[in-house]
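A lone chain, given as structure tokens: the form predicted alone.
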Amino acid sequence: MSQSSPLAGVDRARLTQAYPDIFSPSPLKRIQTVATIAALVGLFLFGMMWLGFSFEKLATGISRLGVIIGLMFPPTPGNLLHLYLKGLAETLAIALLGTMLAAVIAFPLAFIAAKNVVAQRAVHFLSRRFLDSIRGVDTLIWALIFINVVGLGPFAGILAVAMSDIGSFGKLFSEAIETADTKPIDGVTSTGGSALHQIRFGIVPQVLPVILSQVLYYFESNTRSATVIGIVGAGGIGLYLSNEIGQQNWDHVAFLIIMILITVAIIDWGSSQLRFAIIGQRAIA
């Protein structure tokens, strides 16, 4: 048995009268809608043609991809397992040290960028724009810059990860500071505490769990970034991955990819457990 629509009858008539443009749009509005859709479709097709999209190349590439996947089995490290493990340890060290260095530098900068700590608009504006400028440059670009500054190797990778994260940490930390409850700060002030005491005993205990949670999350993300910047010469397992792809040793490439996936999954699990312990599962969800 069919059931009547909830908008049938009086309700539909009332809604049609209240919103005539939605139920009976004018011809001009219909033409504008069709023209907008046609323009977007045309722009999409033009972009695909301009960038060389080709079904023939796509079909050829998929068949080539199938051959490469077939050459990846069985994954094996050959006699290079010790080098791969060393590269993986370098990647983890780059991610950990870069993240920690960025957090240490960004922590005081975040107080300068927070409105409830530094009231001067000019200081707040300049500090926020400085952090935005650093944050706007990708980790890979920082890696290419530092490779030319300090040379190839993990040190350039650490600096690249740290430089990229200073801007992000500064913004996130300052936003956490600005949301701090004022009652603990007022309590410290009422006992004659200085501005430094207000920060130490009124703000830091409130925001520290959130900051630690953000640092752990970025360490997990930086593990993947450290792998990518290794491909351009910033050390770590990415360098070995790039070499094996260049030599088309696809069984070695598959082994390296599996190593990276397992490592990232373990760090993801461990980081989540620590974040749950610090700020609680409900807060993360």
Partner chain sequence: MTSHLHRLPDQQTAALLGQYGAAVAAKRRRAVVFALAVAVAAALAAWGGEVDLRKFAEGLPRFWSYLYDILPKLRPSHFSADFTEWFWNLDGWLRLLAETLLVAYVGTFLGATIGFALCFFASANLMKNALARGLVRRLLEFCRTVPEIVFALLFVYALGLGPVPGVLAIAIHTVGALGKQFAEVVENIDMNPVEGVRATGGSWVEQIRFAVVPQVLSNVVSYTLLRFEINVRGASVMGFVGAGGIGKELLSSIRQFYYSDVSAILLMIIATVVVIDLLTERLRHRLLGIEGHR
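Because the structure is predicted, anything quoted here is derived from the model rather than measured. Positions refer to the first chain, counted from 1.
The next section is about a form of this same protein that is not shown, the form predicted together with its partner chain.
Remark: none of the three candidate residues (126, 189 and 276) comes within 4.5 Å of its partner chain in the predicted complex, counting heavy atoms only. Proximity of residue 267 to its partner chain in the predicted complex falls outside the 4.5 Å heavy atom cutoff. Looking at residue 173, you'd find every heavy atom of it more than 4.5 angstroms from its partner chain in the predicted complex. With a 4.5 Å cutoff on heavy atoms, residue 248 counts as touching its partner chain in the predicted complex. Residue contact check for residue 27: none of its heavy atoms lie within 4.5 Å of its partner chain in the predicted complex.
The stretch in contact with its partner chain in the predicted complex, judged by heavy atoms within 4.5 Å, is 92 to 100, chosen from 176 to 184, 92 to 100, 113 to 121, 75 to 83. If you take 30 to 58 and check each residue for a heavy atom within 4.5 Å of its partner chain in the predicted complex, you get 40, 41, 43, 44, 46, 47, 48, 50, 51, 52, 53, 57, 58, in sequence order.
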